[in-house]
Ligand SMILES: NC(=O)NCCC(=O)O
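Next up: a single chain in structure tokens, the form predicted alone.
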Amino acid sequence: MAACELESLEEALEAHLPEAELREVRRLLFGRDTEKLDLPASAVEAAHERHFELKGCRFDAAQEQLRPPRRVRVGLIQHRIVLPTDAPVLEQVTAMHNRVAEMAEVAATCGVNILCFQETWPMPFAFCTREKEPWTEFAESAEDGITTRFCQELAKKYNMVIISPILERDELRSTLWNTAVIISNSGNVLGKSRKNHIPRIGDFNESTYYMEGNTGHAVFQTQFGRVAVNICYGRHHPLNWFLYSLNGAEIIFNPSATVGALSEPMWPIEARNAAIANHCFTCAINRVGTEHFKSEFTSGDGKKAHHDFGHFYGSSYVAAPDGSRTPGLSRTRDGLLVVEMDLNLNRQISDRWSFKMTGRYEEYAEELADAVRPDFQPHVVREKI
């Protein structure tokens, strides 16, 4: 079986392990079991008719005496591109809007409060083809571009916070950014978060398309909790997650576009580790499918030129601060993951493990300040001879 044909790790395990052994393997892989979330029959039927996977999971917290539960439903959408990459730009964008609209409607039926899409969702992930045209034509205003206006309508219609990662055109600075637009359930643009870290690895050498972000580690207060967006490559940087958490994020979303040959062994670990280390929920979203481009491109690594990046393996999931995580969505199919979480779990786990309370932040800050100086010398103790 080709790697891109494997539906999911979970299905492979279920097909080959006895029930008792499967339970123990799942405990070791995913932590404590997440409960299955019962979803409306109409949503299940609509997902089937529209050809996408629908999964629902729940994270519970202990009942407290002084605080009521803070239950929030989050939705993650992964999908393949709809039209070929050489179709007219506006037709591609419109087709993606239509696909996501029908998935968002199902999310609303499932009671989702916060819905997040994958990285630069209205377009192919064409960066690193080395071509600027027509890909830069997909860039649009974060404040009033056609995709933001589309998402504002969804947000108002469904009383839902929308996190919409796009290629942003900043006319004032004549600059492109890889940006997530955060839209309140009122329909207003709450703000935006730009990608902090730009990869320079293999085909994913994106630095000629957009700049490192300048919005810092903003956290957005919504009606349903404090959220942050750590875009794609930022998940490889533990301090990036940490600074969102330091600013009070209760849920950190990680919309991504990454392929199996490059990163799949790391995928199930990084967002989960960030949830543990930062006492918060993390949501990892990856696109799915293989995107073909008319012109060949190379990676500058001596390998033959090619027409695609490889298989985007989906597998979107949510991780909790106690180390547990949901099963992933499919590696091959469009999907919507609906997760109910009690945000009280963040403080409960923080009180138990005290990672932040026991962190030596003053010491770290001093040593980091030294480390970025041009005359920095590592503190290495050597044997005296």
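Because the structure is a prediction, the values reported are computed rather than measured. Sequential numbering from 1, following the sequence displayed.
There is another form of the same protein, the form predicted in complex with the ligand; it is not shown, and what comes next is about it.
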Heavy atom contact within 4.5 Å of the ligand in the model of the complex, the stretch among 164 to 172, 108 to 116, 131 to 139, 225 to 233
225 to 233
Considering non-hydrogen atoms and a 4.5 Å limit, does the ligand approach D308 in the model of the complex?
no
Even though the ligand is not shown here, does I276 get within 4.5 Å of it in the model of the complex, heavy atoms only?
no
So, W177 and the ligand: in the model of the complex, are they within 4.5 Å at any heavy atom pair?
no
Is G289 a contact residue for the ligand in the model of the complex, using a 4.5 Å heavy atom cut-off?
no
Answer with one of L246, V82, L262, A218: the residue that has a non-hydrogen atom within 4.5 Å of the ligand in the model of the complex.
L262
Just to confirm, with a 4.5 Å cut-off on non-hydrogen atoms, which of T147, S315, N196, T258 contacts the ligand in the model of the complex?
T258
Taking the ligand in the model of the complex, which residues along 198 to 216 bring a heavy atom to within 4.5 Å of it?
P199, F204, E206
